[in-house]
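Just one chain is shown here, as structure tokens, and it is the form predicted on its own.
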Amino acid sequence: MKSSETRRAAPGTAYLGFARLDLDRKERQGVPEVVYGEGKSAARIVSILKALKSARQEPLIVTRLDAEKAEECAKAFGDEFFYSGEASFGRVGKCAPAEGTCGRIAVACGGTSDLPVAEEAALTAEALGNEVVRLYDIGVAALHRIAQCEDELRSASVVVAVAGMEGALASVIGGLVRSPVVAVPTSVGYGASFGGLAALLAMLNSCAAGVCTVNIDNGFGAGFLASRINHMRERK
């Protein structure tokens, strides 16, 4: 006789009593279900990761993971677990191999205050099987810094542009490159930046063609989208 928990688990899912895991997502979308760590206890995060790992869903990504919860993940998975405190990013298993891509992803950010979001984007892209070049602290306050990185920007198949304040970096890069630009506004800035809203609106209103914008501080979403674009060759 099947238990009530087993009966409530639909095909392609695993029911843990508090979460229904999508075990078909890797087959359907090419990437396993990603765990959002904020608001979840360490015990529940570990339970989810163990269930996904047992279903061969690696590499597993946990976003918005604080250091205390990361310690519990490290105890559970040992050397298989990687953690970046700066990006609040955890990973179980090795990064996917960088195969079938169109080229490299460049992750650029305006200032060092944007690094947590930029690193979340870079680490996400690497976990999903991309070569990533980091171009940090090249904000528009000193345009010669962007010029110094122009060759690397133009050679990338996708550019992720991360910036707070007035969010101008995405438009400047969008006017220099032929590749898609994924713009990421950050909540960095003084009062009138309104927690990243000013940068978000500036990026949405970019006059540079080929710029798309994700939500404020959403480095994960930017890295994921950049990876999708960079793997389009696999779909041909």
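Just so it is clear, the model here is predicted, and its values are computed rather than measured. In this text, residue numbers run from 1 along the sequence as written.
Although it is not shown, the form predicted together with a further copy of the same chain is what the next lines describe.
> Even though the partner isn't displayed, in the predicted bound form is Y136 close enough to a further copy of the same chain, meaning a heavy atom within 4.5 Å?
Because a heavy atom of Y136 falls inside 4.5 Å of a further copy of the same chain in the predicted bound form, the answer is yes.
> With a 4.5 Å heavy atom cut-off, would you call V92 a contact of a further copy of the same chain in the predicted bound form?
Contact with a further copy of the same chain, no.
> Classify E166 as contacting or not contacting a further copy of the same chain in the predicted bound form by the rule of any non-hydrogen atom within 4.5 angstroms, answering yes or no.
Although a further copy of the same chain is absent here, E166 would touch it in the predicted bound form, with heavy atoms inside 4.5 Å.
> Any of the heavy atoms of Q57 lying within 4.5 Å of a further copy of the same chain in the predicted bound form?
Output for Q57 is no: heavy atoms all beyond 4.5 Å of a further copy of the same chain.
> When you measure heavy atoms, are D66, E72 and P97 every one within 4.5 angstroms of a further copy of the same chain in the predicted bound form?
So, no: the whole triplet misses a further copy of the same chain.
> Taking a further copy of the same chain in the predicted bound form, which residues along 93-129 bring a heavy atom to within 4.5 Å of it?
In sequence order, T101, C102, G103, T112, S113, L115, E119, L123, E126 come within 4.5 Å of the partner.
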